[in-house]
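Coming up is one lone chain in structure tokens, specifically the form predicted on its own.
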Amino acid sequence: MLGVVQYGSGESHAGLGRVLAVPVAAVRAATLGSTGDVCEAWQSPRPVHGGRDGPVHWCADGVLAFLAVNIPDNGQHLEDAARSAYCALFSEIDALGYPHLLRVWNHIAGINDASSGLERYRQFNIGRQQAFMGSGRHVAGASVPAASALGADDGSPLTLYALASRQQPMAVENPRQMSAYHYPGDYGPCPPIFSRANLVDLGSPVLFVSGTASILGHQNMHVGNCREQTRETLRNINALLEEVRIRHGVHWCTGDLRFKAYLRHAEDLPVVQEEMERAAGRPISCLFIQADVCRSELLVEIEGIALPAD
């Protein structure tokens, strides 16, 4: 096993990490449609080895590395916490020999709150960009990772977990959306740094679809309407899958993805689930999580992973 992500209270994550001897990312956000904490296990068919270096706990199998990072966040200096977390992450993947960051999940307490006159997500983007540039990484183009940034319970540390590889991925952008790293200054002093998806050959093709929402170009759509936001989000995911088919010759449909969906309001679960299953044309594999989304107008964000057919 490479690592575990635990959603819920996070109270038992330290003990879980000791028992399993692997990194555990404790995301303090409630799951919907289930009771108690829920664990997501990243398994490997290969022998693994791991270790800990400062705030980074890692495990690798010769192809992939799973890394978990927790940085205390006092609610005032998220820019500093983000910069520290990403600098530690980049230093570790370079030292381990897995230099290509495939996918990052970021969880931020009070993501839409303001401190020092600036929304915390925008503070996070400043610190993330500083770390990318300070570590000699590109902040735009084909080498940026797929990613998502969601809320977490009040008092949570900045929690991120990531997958890194020895294989260079191929970033995929969405023709319906502006690349996030080109967003105008309306969305903060620094744009978010992520690709809409990353395609990588790990013996077979694997697609990581970033957190996707009801955005066309760079603008929010269907404000206040969760059903229409979900439909627009799924149209964006379908456009990404079509782009992968056209440009890379790999075909997946919506129902092939393993999803995570983040809902701002728990009561929207039936609507989101109904629209996802309607789009897929069959029951879906989805973990539903209650979490704030990076823009306060957005009610739902959906991500996915497409794996080779069994």
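In this text the structure is predicted, and so the values were computed from the model without any measurement. The first residue of the sequence shown is number 1, and the count goes up from there.
There is another form of the same protein, the form predicted together with a small molecule; it is not shown, and what comes next is about it.
- In summary, among the residues 215, 89, 190, 172, the only one with a non-hydrogen atom within 4.5 Å of the small molecule in the predicted bound form is 215.
- With the partner omitted here, the residue from 161, 121, 132, 98 that has a non-hydrogen atom within 4.5 angstroms of the small molecule in the predicted bound form is 121.
- For the chain shown alone, residue 83 is not a contact residue for the small molecule in the predicted bound form, no non-hydrogen atom being within 4.5 angstroms.
- Contact annotation for residue 148: at least one heavy atom lies within 4.5 Å of the small molecule in the predicted bound form.
- Put simply, residue 194 is close to the small molecule in the predicted bound form: some heavy atom of it is within 4.5 Å.
- Under a 4.5 angstroms non-hydrogen atom cutoff, the small molecule in the predicted bound form lacks residue 165 among its neighbouring residues.
- Residue heavy atoms within 4.5 Å of the small molecule in the predicted bound form occur in exactly one stretch of 136-144, 194-202, 112-120, 224-232, and that stretch is 194-202.
- Annotated contacts: 125, 183 and 211 all touch the small molecule in the predicted bound form [non-hydrogen atom within 4.5 angstroms].
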